[in-house]
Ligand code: ADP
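Single chain ahead, by itself, as C-alpha cells, in the form predicted alone.
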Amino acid sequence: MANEKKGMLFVLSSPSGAGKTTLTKKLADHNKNFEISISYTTRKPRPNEINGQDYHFVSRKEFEDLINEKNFYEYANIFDNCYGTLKKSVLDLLYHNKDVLFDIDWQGTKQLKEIKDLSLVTIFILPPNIKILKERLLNRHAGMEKLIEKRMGKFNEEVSHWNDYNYVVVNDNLDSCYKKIMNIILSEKKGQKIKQNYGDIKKMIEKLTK
C-alpha cells in the first residue's frame, strides 16, 4: 500500500479466555509482515507449547536478572507467573520494518504506552458473554476448576481497563473478529482511525460485569 506506515506495534489484550492469543497467531499466520513479540515467562509450558516459539520459558532468577539489567520494555505478574517483553527483540523487528503483534495484558500495555517514540495501537478483545468465556476456559484447563475460578474472578478487574485502549472488539466469532482487527490494522497503517460507538461499548461492558 502506498504511504503505508512502516514498523508499527499492535497490542491485543483481553480477559483470560477471550481469545487474544488465538487471534494474535491467526494474524501472524495470515500476514507475512506481522511478527509476534514472543514474551519471556516464568510459567511452565502447556502441552504442545514450544520454547522460543510460543514463549521464552525461563526461571524466576533469569527473569529477575533481565528486570535488573533493564532489558524489558514491559513486564507484569499475572496469575502468579511473570511475563515480559524484551527490548532487543522488538527493536530488531522494527529495524526490519516488521509490524509487531503483542499478546499482553493491561499492565504491560500501560507500560508500553508510557514509552515515547513507539508507534502503538491498542486493541481490547471482549467475549460475547460470561457463559462462553467460562466454556473456553473449561476447554483450555479441563479439570482445573480452582484455576478457572481464579481467572473468572479477575474478569471484572481486567475488563475495567477497556477504556485505556484505542479500540474494543467482541470475539463472538473468530473469523469475524479477525476481520474487524485486520480492518483496524490496515486503516491505522494508512494513518486513518476507525470510529467506534463508545455508548454501545459501555452498555456491553455493564452487561458483562453486572
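Numbering starts at 1 and follows the sequence shown. The model shown is predicted, which means the values in this text are computed figures rather than measured ones.
What follows is about the form predicted together with adenosine-5'-diphosphate, which we do not show.
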With a 4.5 Å heavy atom cut-off, would you call M144 a contact of adenosine-5'-diphosphate in the predicted bound form?
no
Is there a heavy atom of D99 no more than 4.5 Å from a heavy atom of adenosine-5'-diphosphate in the predicted bound form?
no
Just to confirm, L174 within 4.5 Å of adenosine-5'-diphosphate in the predicted bound form by heavy atoms?
yes
Partner contacts in the predicted bound form for 103 to 132 (non-hydrogen atom within 4.5 angstroms of adenosine-5'-diphosphate)
D103
